[in-house]
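Single chain ahead, by itself, as structure tokens, in the form predicted alone.
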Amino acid sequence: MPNKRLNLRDIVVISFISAVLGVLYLLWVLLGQMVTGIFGPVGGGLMAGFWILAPVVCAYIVQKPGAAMLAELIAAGTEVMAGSVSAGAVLVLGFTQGLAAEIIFALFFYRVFRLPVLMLAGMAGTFAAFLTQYVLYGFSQYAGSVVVFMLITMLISGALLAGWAGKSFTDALVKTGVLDRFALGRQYRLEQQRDTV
């Protein structure tokens, strides 16, 4: 039975990936502000899934308890250190988004990491982001229909940007062999061996 505790190698790769994404999160804020300025808060909701990439990608690679939560906390911390002007809100969002994604993986006992589960984790992360921002940023000021459509676009973004795009990126990465010492890499190599038999 494989060890399900995070080891040093897991933590190092989670930290590296999350730190890179944390910097990109900050840059994504600027793009998100532009999109929101043009298309309003509903359009801005389509950007939300990008901020859930760290927990989805890292959990998919490592496939152990705590990976998603740790990844999003590191990404949020990196975003703050990189110069975010909303440090408190970023850290709170990092916690709630990471926790939401972690809960989804826990519901499947950290055994199922197929596309539907990754998309569900992305949606859970954006749903947590919606609830957190509703409280922090006063989404109640918007008309009810706007709030509903914001939630819908955020959920779609979570499924596509975090779930589908996150899996697609990671699947391309695993083919290079750099992830062979992690759960996902071992699974990929095993499938390759079966296909050659």
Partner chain sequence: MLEELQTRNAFLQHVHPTLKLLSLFTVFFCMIFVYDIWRPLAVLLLTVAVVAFLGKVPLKLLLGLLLPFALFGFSFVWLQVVFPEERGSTVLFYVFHMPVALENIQTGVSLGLRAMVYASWSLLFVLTTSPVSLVMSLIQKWHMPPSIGYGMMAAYRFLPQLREELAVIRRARQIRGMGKKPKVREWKEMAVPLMAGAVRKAERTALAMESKGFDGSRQRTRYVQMNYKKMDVWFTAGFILFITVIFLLPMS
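Positions refer to the first chain, counted from 1. Remember, predicted model here, so these are calculated numbers, not experimental data.
As for the form predicted together with its partner chain, it is not shown, yet the points below apply to it.
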Checking I152, L31, L131, I38 against its partner chain in the predicted complex, the residue with a non-hydrogen atom inside 4.5 angstroms turns out to be I38
Examine V117 and determine whether its closest non-hydrogen atom to its partner chain in the predicted complex is within 4.5 angstroms. no
I74: touches its partner chain in the predicted complex, heavy atom cutoff 4.5 angstroms: yes
With a 4.5 Å heavy atom cut-off, would you call T176 a contact of its partner chain in the predicted complex? yes
I'd like to check something about A19: if you look in the predicted complex, is any of its heavy atoms closer than or equal to 4.5 Å to a heavy atom of its partner chain? yes
Quick one: S15, A89 and V135 and its partner chain in the predicted complex, is every residue within 4.5 Å by at least one heavy atom? yes
Can you name the residues of 124-145 that have a non-hydrogen atom within 4.5 angstroms of its partner chain in the predicted complex? V135, L136, Y137, G138, F139, S140, Q141, Y142, A143
